[in-house]
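Next comes just one chain, in structure tokens: the form predicted alone.
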Amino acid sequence: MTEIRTAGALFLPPEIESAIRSAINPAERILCVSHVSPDGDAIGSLLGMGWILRHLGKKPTLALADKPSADFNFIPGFDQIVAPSAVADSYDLIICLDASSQDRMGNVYRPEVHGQTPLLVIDHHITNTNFGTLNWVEPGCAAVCQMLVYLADAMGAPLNGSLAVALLTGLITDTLGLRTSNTDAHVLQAAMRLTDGGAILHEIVARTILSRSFAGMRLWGLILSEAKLQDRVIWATISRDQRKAAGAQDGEGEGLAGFLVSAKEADIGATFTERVNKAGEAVVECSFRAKPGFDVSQVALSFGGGGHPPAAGCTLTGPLAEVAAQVSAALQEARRSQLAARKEPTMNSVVHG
């Protein structure tokens, strides 16, 4: 138990814990929200936060701008996630999870009506803009669901049952089944505690990491036949016509960037997905993955996005082909710059005669 408490203190300093308690304890009406195009950590942390708040006697509203994938409907409380239309104008507190900037909340958060409400941001992206009234940002954690393990401890919420399932789902999906380079001893300790609490690891892996629709497989086939590789950056475009031809819905075929970067000849992988936003504008969702030693977060940040060194993304307006050409060139340049920086001599490496 000593090691577990040490991990919690490392990632949740006493002053942050105290500030979070001061924000949550007096609040009655609490809105919880995560990012657009929600992934497993977004959904898991949203539901997990909901279970923590219910343990404290609260009645939270859990909202997402985009409809969450039915692949996650096994998480208890999934059916309680509401659309933006069900979000009220007035709350005592808003908690934003797994989002690096305000715009990532989509139209759940309306600045004109919610701007005066205290905003607690809980995130692990190194590119977070600290946009909240109170910001708990911990890039040392592999997932926000890992952070909520420590918050649950601090708030006295038992890590079992529905909470354990929600948090282990986010932890497993964000680490690709405990395989990413940031899967350290603290991550494994958190996963062990959640499995001890009743979350079944192999079932979560089977429903998420190892699950793919036939339409998604067909879509991958169409996409991979046109993938490009240059200067150890591999990328592919995903058009609306391709999704239609494969019979794939939005969200099917996710995870391709991570598959692309597994190529032996690549250090960075990217996908560029053509979509139409709620305003009817043509946009391209860009998703980046990097092998250990390379950083794609700064490229994402330069285009108005964010993320982590090994996994990041952004959304740009413009034609699919033009965006893909512009951003893939930026990724190639970033890789060259990072390699050049490694080769620059340091004071310690200079030998004097």
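Numbering starts at 1 and runs along the sequence shown. Keep in mind that what you see is a predicted model, and the values were worked out from it rather than measured.
Below: the form predicted together with a small molecule, not depicted.
Undergrad: Indicate whether Leu53 is a 4.5 Å heavy atom neighbour of the small molecule in the predicted bound form.
TA: No, Leu53 stays farther than 4.5 Å from the small molecule in the predicted bound form.
Undergrad: Given that the small molecule is not shown alongside this chain, does Thr273 nevertheless sit within 4.5 Å of it in the predicted bound form, heavy atom to heavy atom?
TA: Although the small molecule is absent here, Thr273 would stay clear of it in the predicted bound form, with no heavy atoms inside 4.5 Å.
Undergrad: Check Ser69 for me: does it contact the small molecule in the predicted bound form (non-hydrogen atoms, 4.5 angstroms)?
TA: Because no heavy atom of Ser69 falls inside 4.5 Å of the small molecule in the predicted bound form, the answer is no.
Undergrad: Residue-level contact is defined here as any heavy atom of the residue lying within 4.5 Å of the small molecule in the predicted bound form; does Thr315 satisfy this criterion?
TA: Looking in the predicted bound form, residue contacts with the small molecule include Thr315, since a heavy atom lies within 4.5 Å.
Undergrad: Just to confirm the contact call: exactly one of 317-325, 24-32, 56-64, 283-291 touches the small molecule in the predicted bound form at a 4.5 Å heavy atom cutoff, so which is it?
TA: Contact criterion met by 283-291 only.
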